[in-house]
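Listed next as structure tokens is one chain, alone, in the form predicted on its own.
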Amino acid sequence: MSQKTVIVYGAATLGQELVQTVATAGCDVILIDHSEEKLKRGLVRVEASLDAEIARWGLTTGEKRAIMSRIKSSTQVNDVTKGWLVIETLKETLEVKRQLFKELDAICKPETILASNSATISITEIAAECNHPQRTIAMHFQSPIAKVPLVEISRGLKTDEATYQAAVRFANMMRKTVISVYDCPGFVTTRIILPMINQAVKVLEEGIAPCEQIDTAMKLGFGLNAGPLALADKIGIDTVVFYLENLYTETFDQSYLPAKLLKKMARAGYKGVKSNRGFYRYGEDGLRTDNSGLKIEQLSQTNR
């Protein structure tokens, strides 16, 4: 087990962003996913993201090469034993995450830290079937991970102090500000941002304004880095629906009932960046196509 190597489990959008950020911070990182196709697509998008930084003069080609040299990929679950920290970024479903943690708990050394990037599921619930729950913790990174200087850390009921302090040191090494959050679904950011995304979708549904203007209004009006609809695409529209439904089940708060259009788009396979179409269209490199925002007159076509 390397004291320098970090494992990221799951090659979807959050996994891609986390791998890039960890490697940029100077750590070796292994991206693990059962799908070779997802791994290849994920690494292509990491490279595209770094190329975009080069185009903005935020990175040199030499720095890009160094970052990519620190990233490896694997379809073998047993490769998790090569890292001191494993961070999962899988689908926001308790059963999926709990099963993975149970499997990781059985094959990783007792000192290996198991972290979940879950936004709406309690780490105590995820680790309920682990034999070493003291080394489990929640580390919620907010997309886009490379740009947002924040990580919410939540201990489970059995998480020990050593695990918490190691997670804080890792976050600080990545130049993130740590917010400690009580162990409850949603943390701070997710509980607040989801109703905003939900309302933005309802504004679009009602024909008040098209995508670009809704996002522009929220960016300029409130100083946001991304508008709520673009953020939904980045998170994944299907994931946003999962988040909302999970939080509604936990809280019975009506603000978490997903807008009809969100559910309709998720069912149609329009999941955002990862499917190349959501409220906007995206190329294979994950970058948004200009002037591609969903228009009011297209709403009836989202199931085609």
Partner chain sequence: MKVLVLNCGSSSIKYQLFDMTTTTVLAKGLVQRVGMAGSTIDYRKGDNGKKKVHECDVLDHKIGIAKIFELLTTGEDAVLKSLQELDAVGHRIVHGGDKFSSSVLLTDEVKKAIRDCIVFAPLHNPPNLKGVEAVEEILPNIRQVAVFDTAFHQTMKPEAYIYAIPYMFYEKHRIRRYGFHGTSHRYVASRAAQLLGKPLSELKLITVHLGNGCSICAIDKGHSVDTSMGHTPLEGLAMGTRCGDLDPALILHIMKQYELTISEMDNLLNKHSGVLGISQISSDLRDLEEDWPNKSERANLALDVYSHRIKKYIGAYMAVLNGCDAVIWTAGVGENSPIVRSIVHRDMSWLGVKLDVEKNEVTWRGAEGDITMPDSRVKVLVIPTNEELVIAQDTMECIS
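Whichever C-alpha set is largest while still superposing within 1.5 Å between the two forms counts as the rigid core. What you are looking at is a predicted structure, and each value in this text was computed from that prediction instead of being measured. Numbering follows the first chain given and starts at 1.
This protein has a second form, the form predicted together with the partner chain, left out of what is shown; the following refers to that one.
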Original post:
For the chain shown here without its partner, which stretch in 51-59, 37-45, 268-276, 248-256 has non-hydrogen atoms within 4.5 angstroms of the partner chain in the predicted complex?
Top reply: 51-59
Subject >> the partner chain in the predicted complex: contacted by all of Glu63, Arg70 and Lys147, heavy atom 4.5 Å >> reply: yes
**OP:** Could you list which residues of 4-38 come within 4.5 Å of the partner chain in the predicted complex, counting heavy atoms only?
**Re:** Lys4, Asp28
**OP:** Verify the C-alpha shift of Lys82 between this form and the one not shown: is it 2 Å or more after superposing the core?
**Re:** no
Original post:
Taking the rigid core as reference, does Ser180 move its C-alpha 2 Å or further between this form and the one not shown?
Top reply: no
